[in-house]
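The chain below stands alone and is given in structure tokens; this is the form predicted alone.
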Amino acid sequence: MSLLLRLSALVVCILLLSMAVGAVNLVANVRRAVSDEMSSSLELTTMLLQLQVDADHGREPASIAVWRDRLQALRYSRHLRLSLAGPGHEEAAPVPGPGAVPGVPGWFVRIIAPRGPELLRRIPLGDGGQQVIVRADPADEIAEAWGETRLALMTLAGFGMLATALVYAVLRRAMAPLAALSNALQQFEAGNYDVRLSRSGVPDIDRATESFNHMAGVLSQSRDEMTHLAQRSLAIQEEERRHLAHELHDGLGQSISAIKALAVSIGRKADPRTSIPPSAAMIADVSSSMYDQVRSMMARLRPSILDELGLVSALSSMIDDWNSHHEDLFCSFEHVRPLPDLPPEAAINVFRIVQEALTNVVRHASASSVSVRLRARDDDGGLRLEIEDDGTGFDPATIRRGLGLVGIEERVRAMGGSFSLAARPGTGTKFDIVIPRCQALPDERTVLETQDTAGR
């Protein structure tokens, strides 16, 4: 649950508790008011009737018929029910019990209605055992109290809803900078160090915003410097490999070729009856094997086909050679023409990425097949490289990345591209690499390759 929802829930709970306390106090006050009203009406009527009885004692007592007429005159009282009781006749006016008040909920009646013997008074009329029964009837008072209480409760509920909405709106507005900060941190985690936060007008949050923006600027500058250093390091490394490949070709390769030529010449000139011709032939064979090894080393250091025919041809040649050395693991290569050509630095990086990925497949994947797909991006004209195998896979969250994956990421970052890895145990591994348009520079070689492919 987000912090906004937690604070809103806390405020709502506080408001509900306050409303509950207010409602309890309101109902208690209403119950007390109804009880007091009933008691005062009952006491006043009892006192007036007692005075009338006392006054009758000073003269001739009134008959039962007279008292019946008197009580009949008081039949319209809202809160009282009067009746005669005595030997031979007892009249009792029905008094509604709790829950019998029309239009009022039963729970309200049960809470508000007063109870007990205090709701009834008996006034003796003389020695004949006749009595006037005065009973309190709270029905009208309860109905009136319910109308007022319902209005108060509705007002209290409306106020609570309005207060909740206002508090939520205020909290949401106040926490909007925190949401922006959380979003910025997520972008940071994804590697986007160019995000910046705007001022919110809240001093405490603005200080955090300034610190965040300063940190973002420092990290962005450090990232740019690291990218530049990585580019320079890779360029120097490839230049050293190129230089070493040339040295092997020009120095060791020519020397081995000369040894082979001398051995062949000696074998031809020597007497066939001696052991010189077989020895010379053996030297020539060893020289050929050494030259093949030197050529393989030169191809690994700097594939000449990459400079001569381009990236697609270099990858096709490398994958064909790779398949010839791995009979139990087949690699397929797909490319959709036309492809944008890359500058030499980017082309060798893509070549090395595929090379390192295939090495990882052999070492760790236990796969039976792997595919390499190369195509142009439709949206920005960049290049997209996908490498997928059907091996055992792994959990990226628990497996520490080795130098191979780190090297691939460094090369992708040096080209300003994006790198994503999808892997799960038992489902294989997939690399998805995107190289932006700024690295895709079409040249004449790409056009010639496209024309040759179309002609074939």
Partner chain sequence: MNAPSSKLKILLVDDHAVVRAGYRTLLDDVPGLEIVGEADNGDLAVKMFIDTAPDVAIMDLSLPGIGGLEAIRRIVQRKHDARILAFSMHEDTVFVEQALQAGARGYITKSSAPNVLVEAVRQIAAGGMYLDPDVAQRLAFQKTRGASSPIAGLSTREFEIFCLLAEGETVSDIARRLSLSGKTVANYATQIKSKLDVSSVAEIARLAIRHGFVKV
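Positions refer to the first chain, counted from 1. Here the structure is a predicted model, which means the values were calculated and not measured.
If you look for the form predicted in complex with the partner chain, you will not find it shown, but the lines that follow are about it.
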Only one of 175-183, 147-155, 217-225, 298-306 sits within 4.5 Å of the partner chain in the model of the complex by heavy atom distance, namely 298-306
Each of 193, 213 and 233 near the partner chain in the model of the complex, meaning some heavy atom within 4.5 Å?
no
Does the 4.5 Å heavy atom contact test between residue 260 and the partner chain in the model of the complex come out positive?
yes
Distance check, residue 319 to the partner chain in the model of the complex, heavy atom within 4.5 Å
yes
Taking heavy atoms and a 4.5 Å cut-off, does residue 159 contact the partner chain in the model of the complex?
no
With the partner left out here, check for me: in the model of the complex, does some heavy atom of residue 264 sit within 4.5 Å of the partner chain?
yes
Just give me the single entry in 323, 198, 279, 359 that has a non-hydrogen atom within 4.5 angstroms of the partner chain in the model of the complex.
323
Heavy atom within 4.5 Å of the partner chain in the model of the complex - residue from 346, 331, 353, 104
331
Would you give me the residues of 174-210 that have any heavy atom within 4.5 Å of the partner chain in the model of the complex, in order from first to last?
none
